[in-house]
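One chain comes next, on its own, written as structure tokens: the form predicted on its own.
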């Protein structure tokens, strides 16, 4: 064990918009969109929610679950591609909101959809070295999609927070090891000042998502000498509902191993929170001594992979957490007009 998960928390806004509602506005066939992306609906932030508020909710849930004093957190990182300020850290706001001591290191991270798992790796290193007692890693996003673009069906909102420590007797899950794979692949980008991202269509699948997720996952399993059948669960980044299922099949995982961690069909792609939320949903039901493969993906492009094993403490501490599905099942649907208002998509000329 390099480090362990001491506590975790999740949050998904209650508002939703159905894929068929978006399709109707743009003259698309709903069935084609839903089957093509395997997305039925997605989460939408309230008008007063942003990456900061989502991150704070997840962080507070993680603290409640862990039972630790927030003043013992020595590092706090927030990974996102929708930080509300271009120059002003999200992490400092979150740290103060949860009652952390000013004597901590904090920073915002950005690497498309894998900034949350990069935050976990940074906390692992600081904890393992003894520089800090606990680190908090958060993946949170209120992701953007240009009106009428394919991203509009998937780009959603959510957050997941993980408290990382190194004492085995405190961990609900041990992080056995981690492995990353990174290249310069121009599949997705948003320039400074642009309201919406762009994507290089033909780069999105094979040279971007699949190359990195497959390479990182294979590298992780080779490093730990483990095979797909040895895992009880596998969670992959989910830009849509199809890619992670295809990646799992290519790697030799069954649909049963993937189903618990696959949330995109019902909440959309929460970007930096996507794979961390999938992991949270797995941990919400996992029994002790269950093995999990977690692999994120961030456009641009890179993947972080982890082997995680739950401990006996996971059952004992389960009462202290708000299950992710409580947020997922508490929902209110919006019309496209209200959705546009919530996402501030009306731009003056």
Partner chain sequence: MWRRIPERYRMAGSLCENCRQNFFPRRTFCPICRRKGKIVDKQMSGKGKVFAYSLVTAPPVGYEGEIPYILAIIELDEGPKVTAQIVDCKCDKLEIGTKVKSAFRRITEDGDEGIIYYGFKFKLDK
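On a predicted model such as this, the values are computed, not experimentally measured, just so you know. Numbering follows the first chain given and starts at 1.
The form predicted together with its partner chain exists for this protein as well; it is not shown, and the discussion that follows is about that form.
For residue 259, no non-hydrogen atom is located within 4.5 Å of its partner chain in the predicted bound form, even though that partner is not displayed.
Within 4.5 Å of any heavy atom of its partner chain in the predicted bound form lies no heavy atom of residue 309. Contact annotation for residue 97: at least one heavy atom lies within 4.5 Å of its partner chain in the predicted bound form. Although the partner is absent here, residue 38 is not a contact residue: none of its heavy atoms lies within 4.5 angstroms of its partner chain in the predicted bound form. The contact with its partner chain in the predicted bound form, taken as any heavy atom within 4.5 Å, belongs to 93 out of 266, 93, 122, 245.
Contact with its partner chain in the predicted bound form, defined as a heavy atom within 4.5 Å, holds for exactly one of 249, 88, 223, 167, namely 88.
Looking at 311 to 319, 288 to 296, 54 to 62, 29 to 37, the stretch with residues near its partner chain in the predicted bound form, meaning non-hydrogen atoms within 4.5 angstroms, turns out to be 54 to 62. Contact here is defined as any heavy atom lying within 4.5 Å of its partner chain in the predicted bound form, and by that definition not a single one of 110, 190 and 206 is a contact residue. For the stretch 1 to 30, the set of residues having any non-hydrogen atom within 4.5 angstroms of its partner chain in the predicted bound form comprises 11, 14, 15, in sequence order.
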